[in-house]
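Presented as structure tokens, the chain that follows is alone, the form predicted alone.
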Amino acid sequence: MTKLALTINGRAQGPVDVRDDLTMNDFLREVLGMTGTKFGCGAAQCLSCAVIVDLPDGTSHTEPTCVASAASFDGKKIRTIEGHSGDGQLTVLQKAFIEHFAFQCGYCTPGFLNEGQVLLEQLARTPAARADLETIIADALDGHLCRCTGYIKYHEAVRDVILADPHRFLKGG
């Protein structure tokens, strides 16, 4: 058993004893009842289970939860799909996913949404050249698997959010 204390979506969790073999995905779903993070492949290959990890320097990245132990998240600050909307209002990115119907079964959507959010935050800190936008989005979403082949719609949704606010995300706006 290991003591686990972390922050999820801005709320402190723990310390709580967790089995050493308990995955973070199982901790979120079975212990906390947060079922938005999905279990897809169980091998960190599809990234349906990816959550956002917020680093002390203000940057963030995604990490899979299906193969990572819950204990490996001790002391971390993470965001799950449940943490995106505030006050019952969808984020701009969530709205774009809906407008583009960037999902079919929706199983991969949490991972894509988390990755898209990380990209938006990175571009807000370090805007990119408009000419590089398509490649930047493709690189960011690379590795996330969609069994329903929604890749283009996810890509278009992220691109539309960026292009809707070029002064924030692109060099020279």
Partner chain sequence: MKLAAVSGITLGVSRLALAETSAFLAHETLPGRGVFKPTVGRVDGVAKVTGAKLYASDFRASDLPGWPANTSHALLVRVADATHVYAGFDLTRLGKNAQPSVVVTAEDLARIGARAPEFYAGDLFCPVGKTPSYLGQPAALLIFETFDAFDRARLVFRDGDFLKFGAETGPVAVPNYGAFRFTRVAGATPDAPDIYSPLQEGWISPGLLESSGRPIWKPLPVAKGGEYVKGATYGEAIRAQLAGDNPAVLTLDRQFETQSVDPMFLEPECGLAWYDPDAANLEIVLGVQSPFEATEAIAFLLGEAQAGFKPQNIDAQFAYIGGGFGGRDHTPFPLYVALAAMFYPGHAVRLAHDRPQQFQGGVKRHAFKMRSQIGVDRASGKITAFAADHVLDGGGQMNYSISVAVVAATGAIGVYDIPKVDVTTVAVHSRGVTAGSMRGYGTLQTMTALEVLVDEAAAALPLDPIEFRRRNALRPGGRTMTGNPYSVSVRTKEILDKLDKHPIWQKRADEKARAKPGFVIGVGVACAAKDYGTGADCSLGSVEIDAEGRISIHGDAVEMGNGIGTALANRAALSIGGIADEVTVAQVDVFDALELMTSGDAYTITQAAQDEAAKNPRWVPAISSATSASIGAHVGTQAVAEAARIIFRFGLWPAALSLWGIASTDPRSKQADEAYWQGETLIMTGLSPLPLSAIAAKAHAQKGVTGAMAHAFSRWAWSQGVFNIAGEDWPADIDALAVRHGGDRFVRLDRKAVAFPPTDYNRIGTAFSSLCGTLVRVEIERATGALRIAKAYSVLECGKVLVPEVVLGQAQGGFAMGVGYALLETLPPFEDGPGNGQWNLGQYLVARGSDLPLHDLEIEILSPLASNEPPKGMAEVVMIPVVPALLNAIFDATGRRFQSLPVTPEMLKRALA
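Residue numbers count along the first chain shown, from 1. Small disclaimer: the values here were computed from a predicted structure and weren't measured.
The discussion below concerns the form predicted in complex with the partner chain, not included here.
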For a quick test of understanding: in the model of the complex, does each of 7, 132 and 158 have a heavy atom within 4.5 Å of the partner chain? no
Can you pick the one in 69, 117, 60, 109 that has a heavy atom within 4.5 Å of the partner chain in the model of the complex? 109
Would you check, heavy atoms only and a 4.5 Å threshold, whether residue 82 touches the partner chain in the model of the complex? yes
In the model of the complex, does residue 74 have a heavy atom within 4.5 Å of the partner chain? no
Indicate whether the partner chain has at least one heavy atom within 4.5 Å of a heavy atom of residue 121 in the model of the complex. no
With the partner left out here, check for me: in the model of the complex, does some heavy atom of residue 152 sit within 4.5 Å of the partner chain? yes
Scan 14-37 and write down, in order along the chain, each residue with a heavy atom lying within 4.5 Å of the partner chain in the model of the complex. 19, 21, 22, 26, 29, 30, 33, 35, 36
